[in-house]
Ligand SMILES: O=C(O)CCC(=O)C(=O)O
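Taking the form predicted alone, here's one chain by itself in structure tokens.
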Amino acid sequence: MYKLKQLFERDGYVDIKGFLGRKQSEELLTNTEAFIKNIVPRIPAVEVYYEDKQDKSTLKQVQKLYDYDDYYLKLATSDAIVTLAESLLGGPVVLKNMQYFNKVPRIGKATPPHQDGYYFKIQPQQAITMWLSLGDADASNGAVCYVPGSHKAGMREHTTTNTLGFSQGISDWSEIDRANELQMTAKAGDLLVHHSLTIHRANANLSECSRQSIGFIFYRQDVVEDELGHNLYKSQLNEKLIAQGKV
């Protein structure tokens, strides 16, 4: 764990291969397929995003999985997950969200370069996002790219984008950033973890393969949230998504 902490502090992310074993990975995928079929249709529309709302096969994102299925609550609060989060953030943590992500084959849009902390509205910026892969991911189907060490430079300027689920992107993204980024790859059960200030993006999915994952967000316990600012942002985002027919 000490080595992971060193890498995290240096690079702003860690890449843990085989975090889940084969049996656990298969169980997670099976449970998620059942969740999408049986539970997602009953979840409030503002928590479920589609690339095309009229086509349920284009499911893109689901928020707060643990509110609707105890399986996900047990996973998010498991010793393995929580111990890792506490080690990387250097103290007790609070689970803030758990999401299903998918880049839909052929139509999954690119994720703009951004920092998660811009959405979080917190001080200090002591938070992490975990990305647990449900299958093979690489450049062809939109695996994440990181800019190593970018978490050390603070928050960059962001501006509005038209990307569902990622409404803000870095406004001064440059070829220098692109030259410094690293393309990540993953298989089922692999875990990527990044700091809330780490710059990352992802290609569009023009392949025939889904890029599915489960995401966890943890804040360090001493973080202070700007609840008014966060709620205002969330409200404005929901209004926009409803107007676009995305939720």
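We number the residues from 1 along the sequence you see. Because the structure is predicted, anything quoted here is derived from the model rather than measured.
Beyond the structure shown, there is the form predicted together with the named molecule, which is absent from this document and is the topic of what follows.
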Heavy atoms within 4.5 Å of the named molecule in the model of the complex: which stretch in 90-98, 168-176, 128-136, 75-83 meets that?
128-136
Would residue 151 count as a contact of the named molecule in the model of the complex, using a 4.5 angstroms cut-off between non-hydrogen atoms?
no
Heavy atoms within 4.5 Å of the named molecule in the model of the complex: does residue 114 have any?
yes
Is residue 193 close to the named molecule in the model of the complex, meaning a heavy atom pair under 4.5 Å apart or at it?
no
The named molecule contact in the model of the complex: residue 65, any heavy atom under 4.5 Å:
no
What residues in 171-203 sit within 4.5 Å of the named molecule in the model of the complex, counting heavy atoms only?
194, 200, 202
